[in-house]
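Just the one chain here, laid out as structure tokens, in the form predicted on its own.
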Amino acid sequence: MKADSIHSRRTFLQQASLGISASLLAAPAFASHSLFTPPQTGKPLGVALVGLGYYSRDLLAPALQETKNCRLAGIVTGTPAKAEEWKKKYNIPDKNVYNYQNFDRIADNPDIDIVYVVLPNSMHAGYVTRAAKAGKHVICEKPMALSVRECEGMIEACKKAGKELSIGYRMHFEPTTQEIMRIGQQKEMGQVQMVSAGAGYRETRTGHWKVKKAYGGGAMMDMGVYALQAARYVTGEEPVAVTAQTFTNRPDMFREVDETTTFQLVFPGGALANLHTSFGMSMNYLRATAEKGWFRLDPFSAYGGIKGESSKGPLQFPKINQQAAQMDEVAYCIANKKPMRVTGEEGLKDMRVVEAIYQSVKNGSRRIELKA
């Protein structure tokens, strides 16, 4: 491994060990190229999970057993059997269990500080707004909502209530991904010229909400956001133009939403991005080409096992629980009145591009200009 690569990585880790960095405190558009392990401060904040599907059951709830600054305090579910199972497994008291009809009563519960919305995409805007009105801070899973207008309404609702809103972009808290951001944004290998990324899997659940338009389904809304995020956080810029195409191999299943979408972005610094997402094939990679080298992650958006490499050598960082790191830092920032690493505005920026992607597809892959 080359000496400059070793020095860069050592410096990065030394700076990270000093605590929250100046870049995070300043809250720039991308604050994520700084590894931050929040210290344990005071009483852990209570988190209520809204929606107890796979992501809550298999990832968020277990992660909350590892967190220091927050804890699993409540649940919201429309299935009584799930409520009983979770109460027993996590020792959740009856008074902290809600359904979708009495959800607003959460306002009267001091045990719950943060509401984490883990529902179908079409329900994000409504429950984020209701949580804010109930006086709770909010984490909302990606994509933030169905439209720019919904995103703007969610941000306004939280601001009006004086509550924080963070979007569940867990990769911003993953150390190897943070190093990729740092290399690209700080131009360690010169100007980024091309970003290629793909995120997808083969969806076979014909009745699942992810293949229903009314619920905000489709590959672009689900896995496509990862590829879009990759291009934005590698360059540290917002795209100025987009073209896009969709393809369907299973029209009987994908009548309402896209099965595979490819899209191309142009960035103001000259970088191009060629991005892919699919519910018809598995892919999980990110590669960036710069003036003086290359860097990549493969896989790049998995729940674990993120592997990085560059033309200077391997990128090796500690393995973490992504969801625990995300929730711990959000709780730390709330408790200490620090700016969020991932804000509602970050989700809004993605949705502006997603809307342009749909517009391009609708107009025969026409180039759509985006406002700076």
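In this text, residue numbers run from 1 along the sequence as written. All values derive from a computational prediction rather than experimental measurement.
Just so you know, the form predicted together with a small molecule exists too; it's not on screen, but the next bit is about it.
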| query | Which residue, Pro38, Gly308, Gly344, Gly51, has a heavy atom that falls within 4.5 Å of the small molecule in the model of the complex? | reply | Gly51
| said: Only one of Trp209, Tyr285, Phe103, Trp294 gets a heavy atom within 4.5 Å of the small molecule in the model of the complex. Which one? | reply: Trp209
| task | Would you mind picking out the stretch of 329 to 337, 309 to 317, 38 to 46, 54 to 62 that comes within 4.5 angstroms of the small molecule in the model of the complex, counting non-hydrogen atoms? | result | 54 to 62
| According to a 4.5 angstroms non-hydrogen atom cut-off, is Val118 in contact with the small molecule in the model of the complex? | yes
| Is Tyr90 a contact residue for the small molecule in the model of the complex, using a 4.5 Å heavy atom cut-off? | no
| task | Using a 4.5 Å heavy atom cut-off, state whether Tyr226 contacts the small molecule in the model of the complex. | result | yes
| query | Just to confirm, Asp222 within 4.5 Å of the small molecule in the model of the complex by heavy atoms? | reply | yes
| query | Candidate spot Gly200, Phe267 and His276, all three in 4.5 Å heavy atom range of the small molecule in the model of the complex? | reply | no
